[in-house]
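First comes one chain, alone, set out as structure tokens in the form predicted on its own.
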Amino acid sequence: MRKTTHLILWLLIAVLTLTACQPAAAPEATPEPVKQFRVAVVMPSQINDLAFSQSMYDALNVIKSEMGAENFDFVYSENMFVVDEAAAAIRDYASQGYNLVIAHGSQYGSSLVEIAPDFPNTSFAWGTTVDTFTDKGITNVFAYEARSEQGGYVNGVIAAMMTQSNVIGVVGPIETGDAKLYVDGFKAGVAATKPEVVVNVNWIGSFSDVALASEAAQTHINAGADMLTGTAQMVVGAVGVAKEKGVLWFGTQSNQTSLAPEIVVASQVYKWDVVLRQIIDLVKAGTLGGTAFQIDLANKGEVIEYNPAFTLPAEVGQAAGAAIEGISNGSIKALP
């Protein structure tokens, strides 16, 4: 019995000794949290302007919905009409380490030339333009633009087929960027469809002056226009006059049906998420700029959205569809 007890004790001591000699188990690795991609955007008007700024705000929300809030988030500064104030906001966002800072307005270009070189590890994007400043040695700026003449052409086709007075009015802001492209495309669509129609264009010299847009719309109506269109955030004034006078309206940048469902026929809508996906992928891969992107009818970055409350004649809808297809496949040129 004593020998058995000694054997058991010896075995127990051996087991304990071997256990003590074993290396401690490594602690279980904790997976690193996914780093959130952070975007800041500076806009010239309000996020609900039903025009230029809202088109970007809506696109960012689409990206957030796709990627999830844990992987993507964005902040914004709206109503940045004053360029110096916008520049201060852009610089502040860059200093906070955002992955991408978007200067959503062609008027912000000169500011980016000064700011971007100070933050070489931050990616910037601005539009609408094709200039990435690589000729100035700047490599961390993307550019994006809307081929807005394409949707303008389609709207022009529809307006030409529906006008009774053969007079159409256009309320433009400043003759530059996507505003000029849209107006030129609209005029081309009218001319290709019904050459005898007169298209009067009034450039009011402002993207934001609602009162001037209202006055311009009234001037067009007094001149016989029974169809109106225009671009930029100030068009809410023009749409209000069109609604009051029963004149049909064609929108661009954002869906403007909610402004006046009884007179809005169709809107060219910008889908900037088509561009944002590509830019985000490049930034994640380490490319911070140097590429210019565009949205158009072919890549679905521009979409013609019809007002469901407005009955579009079948032949007009068919002509619009043919124009969209022709522009997308290259058989129709939206600009002469």
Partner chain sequence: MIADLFAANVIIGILTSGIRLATPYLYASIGETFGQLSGVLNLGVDGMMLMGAYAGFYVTFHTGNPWLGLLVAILVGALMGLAMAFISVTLKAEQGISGIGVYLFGLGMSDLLFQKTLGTVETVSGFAPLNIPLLSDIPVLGTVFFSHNILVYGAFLLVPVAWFILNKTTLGLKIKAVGQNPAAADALGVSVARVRYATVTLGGALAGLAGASLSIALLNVFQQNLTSGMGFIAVALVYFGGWTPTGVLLGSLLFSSVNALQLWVQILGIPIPSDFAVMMPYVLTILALIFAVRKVNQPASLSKVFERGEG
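Positions refer to the first chain, counted from 1. Predicted model only: the values in this text are computed from it and were never measured.
There is another form of this protein, the form predicted together with its partner chain, and it is not shown here; the text below is about that form.
Please identify the residue among 99, 165, 134, 218 with any heavy atom within 4.5 Å of its partner chain in the model of the complex.
By the 4.5 Å heavy-atom cutoff, the listed residue in contact is 218.
Though its partner chain is not shown, can you say which of 205, 246, 120, 195 has a heavy atom within 4.5 Å of it in the model of the complex?
Residue within 4.5 Å of the partner: 205.
State yes or no: in the model of the complex, is some non-hydrogen atom of residue 50 no more than 4.5 angstroms from a non-hydrogen atom of its partner chain?
The answer is yes: residue 50 has a heavy atom within 4.5 Å of its partner chain.
Would you check, heavy atoms only and a 4.5 Å threshold, whether residue 234 touches its partner chain in the model of the complex?
Because a heavy atom of residue 234 falls inside 4.5 Å of its partner chain in the model of the complex, the answer is yes.
Is residue 71 part of the interface with its partner chain in the model of the complex - any heavy atom within 4.5 Å?
Contact check for residue 71: no, nothing within 4.5 Å of its partner chain in the model of the complex.
Does the 4.5 Å heavy atom contact test between residue 299 and its partner chain in the model of the complex come out positive?
So residue 299 does not count as contacting its partner chain.
May I ask whether 46, 78 and 210 each come within 4.5 Å of its partner chain in the model of the complex, counting any non-hydrogen atom?
The answer is yes; 46, 78 and 210 each reach its partner chain.
For the chain seen here without its partner, which of 222-230, 154-162, 246-254, 185-193 has a heavy atom within 4.5 Å of its partner chain in the model of the complex?
Heavy atoms within 4.5 Å of its partner chain in the model of the complex occur in 222-230.
Residue by residue through 115-149, tell me which have a non-hydrogen atom within 4.5 angstroms of its partner chain in the model of the complex.
Contacting residues: none.
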